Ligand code: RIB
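First, one chain by itself in structure tokens, the form predicted alone.
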């Protein structure tokens, strides 16, 4: 039986691969996508989401536009040159009229069985939903979050972008009592995708493979020229988080306490991961399973199988 899934995302190039995994893996039933401001303004993340679905010939998955900015503070200040529009054709499909937060509250409230959520952007939508209706947290079976870092950061010297762009929202979510699986940069950087990998996928000729091949080369070029990772290529962070929902052997987890720094002048948005093994020293409960390692080859094989298995028009 497939697992009911909602993906909450700020669709850029790695979110896009996560969407393809969520929509095409037979072990997942992607019931909806909610969008949020993060990589790009929410209008762009929503448009990118629609582009990915239509380009990959995935139908029947509704998209709900969500929060335009963080819970508190000014709008997100993105780095100059931060990638925005995905280089895909303009879509004919449109987002649903209902706001993403209202959809989440309504869907979780009425759910008869637990729903899995993969949150791979800033956590604003979820924090707003939890504040509106705290009881819905009991309807979430698993919450996979791509965000944060143990010893790796990107948007600042201390923080990863998804958490940094709305640390107050992350704080709400991590304190909510939801079963969290956290995928920090430390793990996602261990499973980069190279240009050779993308070329092999494109040879499959499936809509999903050709969609990925349209925008991943730009991502890989950006990483290799500005943010090189060991082994070359570029991490597709969010796809690892969604993939591990159905193949937990893609990563290795350790239980830890995770809290979000809100006040530090140099550390705002830092994901503080307390891995101390001695319970008498650790002051807080271990509230998350944290991915500390990833199997790159297994992940690449996992993605290859998805891209090669898709049949045009079958979704």
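Positions refer to the first chain, counted from 1. Because the structure is a prediction, the values reported are computed rather than measured.
Omitted from view is the form predicted in complex with this ligand, to which the following refers.
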Counting only heavy atoms and a 4.5 Å cut-off, does this ligand in the predicted complex sit next to every one of 14, 160 and 165?
yes
Contact flag, residue 187 vs this ligand in the predicted complex, heavy atom cut 4.5 Å
no
Heavy atom to heavy atom, is residue 120 within 4.5 Å of this ligand in the predicted complex?
yes
Considering only heavy atoms, tell me if residue 195 and this ligand come within 4.5 Å of each other in the predicted complex.
no
Would residue 129 show up as a contact with this ligand in the predicted complex if we use heavy atoms at 4.5 Å?
no
Counting only heavy atoms and a 4.5 Å cutoff, which of 171-179, 232-240, 195-203, 88-96 contacts this ligand in the predicted complex?
232-240
This ligand: the contacting residue among 216, 208, 146, 104 in the predicted complex [heavy atom, 4.5 Å]:
146
Sort through 154, 109, 84, 138 and report the residue having a heavy atom within 4.5 Å of this ligand in the predicted complex.
154
Heavy atom within 4.5 Å of this ligand in the predicted complex - qualifying residues of 207-233:
none
